[in-house]
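A lone chain, given as C-alpha cells: the form predicted on its own.
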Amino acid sequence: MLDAAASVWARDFSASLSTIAERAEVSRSTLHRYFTDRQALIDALLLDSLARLESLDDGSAPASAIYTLEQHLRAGVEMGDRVIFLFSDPNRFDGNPHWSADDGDEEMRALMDRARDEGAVAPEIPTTWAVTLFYALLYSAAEVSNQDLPRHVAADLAVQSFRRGVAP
C-alpha cells in the first residue's frame, strides 16, 4: 500500500485514497484498516521513505567516498517514486513533525568532503554545490525513469553526470 501511495502521490499529491486503494489492488476499507485517514498514510509513507533513504548508508565506510556516493545515487533512483514524493514540493511537509529538510545533510556534506579529500571532487567546487548537484541529479534521474528511461539507464547517466560534474 505504501508503494502504491508513493507511485500515485509522486505524480498527483491531491489524488484520493480511493485512487491509492485501487492502485494497491485493495479495497478502500482495507486501506482504512491500516491507515485511518489521509494524514496517517502520508506520515507512514514519509517515515518509511526517510528510513529507506537513511538505510542507503549502511555504516560500512571502507569503500571510497565517490563509490559510496555512486551507490547512493543508484539506490535512490531505484526508489524513484519515493524520491519524487519526498522532494517534488519543498513545502509539502511543512509543519509535519516527522519532516526535517535538513535530515542527512551533515552526513552528505561529510561524505562529499571525504570524496574531495580522496581526490574525486575538485577542490574549487564548494561542498554545497556538489551536494546540491548530487540531489538534483538524483531527482532528475528519478523523474526521467518514470517517463521513458529504464531506471538502470537513468542511474548510469546520473552517476556519469555527477562524476564528470565534480571531477578535478
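Residue numbers run from 1 along the displayed sequence. What you are looking at is a predicted structure, and each value in this text was computed from that prediction instead of being measured.
Although it is not shown, the form predicted in complex with another copy of the chain is what the next lines describe.
L17 falls outside the set of residues with a heavy atom inside 4.5 Å of another copy of the chain in the predicted bound form. Interface residue remark: R11 is counted as part of the site for another copy of the chain in the predicted bound form, having a heavy atom within 4.5 Å. Although the partner is absent here, F35 lies well away from another copy of the chain in the predicted bound form, with no heavy atom inside 4.5 Å. A residue is said to contact a partner when one of its heavy atoms sits within 4.5 Å of a partner heavy atom; L137 meets this definition for another copy of the chain in the predicted bound form. Shown without its partner, this chain lists A44, V26, A63, L133 as candidates; in the predicted bound form, only L133 has a non-hydrogen atom within 4.5 angstroms of another copy of the chain. In summary, the region of this chain contacting another copy of the chain in the predicted bound form, judged by heavy atoms within 4.5 Å and restricted to 138 to 146, 111 to 119, 46 to 54, 64 to 72, corresponds to 138 to 146.
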